[in-house]
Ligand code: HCA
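Shown next as structure tokens: one chain only, the form predicted on its own.
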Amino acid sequence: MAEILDSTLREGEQTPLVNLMVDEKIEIARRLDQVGVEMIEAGDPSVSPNVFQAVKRIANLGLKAEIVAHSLATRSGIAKARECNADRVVVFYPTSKIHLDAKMNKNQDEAIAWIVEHVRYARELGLKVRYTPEDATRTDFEFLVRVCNAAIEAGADRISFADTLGIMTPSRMYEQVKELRARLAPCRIDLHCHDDYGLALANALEGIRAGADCIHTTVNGMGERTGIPDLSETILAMRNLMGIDQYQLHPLMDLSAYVEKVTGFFVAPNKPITGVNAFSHKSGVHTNGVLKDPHTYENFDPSLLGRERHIVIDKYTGKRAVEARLAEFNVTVTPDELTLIVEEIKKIGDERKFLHDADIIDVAERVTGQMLDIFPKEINAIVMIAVESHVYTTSVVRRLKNLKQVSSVYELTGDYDITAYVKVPTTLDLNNFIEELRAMPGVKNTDTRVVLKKYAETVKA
């Protein structure tokens, strides 16, 4: 059965501008264990004292997952992995000609001798060993087979086939993994696929189909450059496309959101599974179909992840979607009224970027002549905003000043960094504004106060 090793705490922290604290790493490890990943790569304890402490504390949490410490092929690094009480150490050493020549200054025989020495040393310390040939997919294949078999003979029971530059295609990945499986001594084969061409998950799935055993992931697809396969996408692809159903789905959304919060690495709206648009439907053809039978445009139920589908109302909207949205507010209209409402919505959609529920109700009131009185009018609010520590406050202020809902902005001292005075037509508009604000890069959290009464400024003579 295929496995997942999650490397958010090692590969993920190598994302530019990401720096996790020890307690944050422990929380991420606990949440990964709830999902059920088989292995957690907790970090390289040689990197810094805090990374050492994180690996050590995670290794002693008593989690179900195997805890893996990463290390260059050095005795000191391997010894630190043992000191942390990790279950397994990664002995990491490159094999491609460009790396051996330019970085390591070793020939192939010298590299093999070095790798064998350090794998044996790790085994002498009682550690399980995974050997990772860095840049494996640019390594001469015959040498790759030779060096991996030498590492296995020395005591490694796992080999990580590392596509370090993300240069593989699915067909080549299948062929090379199949050949490796046939020519390596008995071992487990991991796949560490980078996403430089957007093919990391496709390559990993083909590698599994060819006989590999484990996919490396990170939460939200973080990592060096463009990252590696996203944990949620990998789990759903394995479950729905390959029939591998062994992970807990419900913790995935909260895990993704937590990692977003503590890293400042924000998920794109169109990202599969966790993006805000993943279960949104806009086209009239699509919304008509999904309202009749969700399976027409959804290949799995969003409730599996604790999510809901969202029907977007704008100029692309058809009658069925508008009728369904009005029904949510207990508003019933005649077929002729519905036609007029849809026509008016399309006109508004041609003139404005966004159309909110308050606009739909306003159109329905004008067409039907009813006073629906669903949303209170004229809302003023004071929104206090805390900014992430690594983000300049002025950069967030600049974005806020460009929003039409914001009439004034102040930078403050204290628990919050910014206060914005906001004017919106309805409470729904205020809710939409706050949701957009929370998704703004650099915003840590908000606290909103609705203004009940505003007094004129005192004018002194």
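The numbering used is simple: start at 1 and walk along the sequence shown. Computed from a predicted model, the values in this text were never measured in an experiment.
Note that the form predicted together with this ligand isn't included here; everything after this is about it.
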Run the contact test on A73, S96 and R138 with a 4.5 Å heavy atom cut-off to this ligand in the predicted bound form and return yes or no. no
Within 4.5 angstroms, counting heavy atoms, which one of the listed stretches 154-162, 262-270, 345-353, 199-207 is next to this ligand in the predicted bound form? 154-162
Looking at the partner-bound form in the predicted bound form, is D359 within 4.5 Å of this ligand by any heavy atom? no
Within a 4.5 Å heavy atom cut-off, is T274 in contact with this ligand in the predicted bound form? no
Residue-level question: is F92 within 4.5 Å of this ligand in the predicted bound form, judged on heavy atoms? yes
So, N220 and this ligand: in the predicted bound form, are they within 4.5 Å at any heavy atom pair? no
If we check this ligand in the predicted bound form, which of the residues in 188-216 reach within 4.5 angstroms of it by a non-hydrogen atom? H192, H194, H216
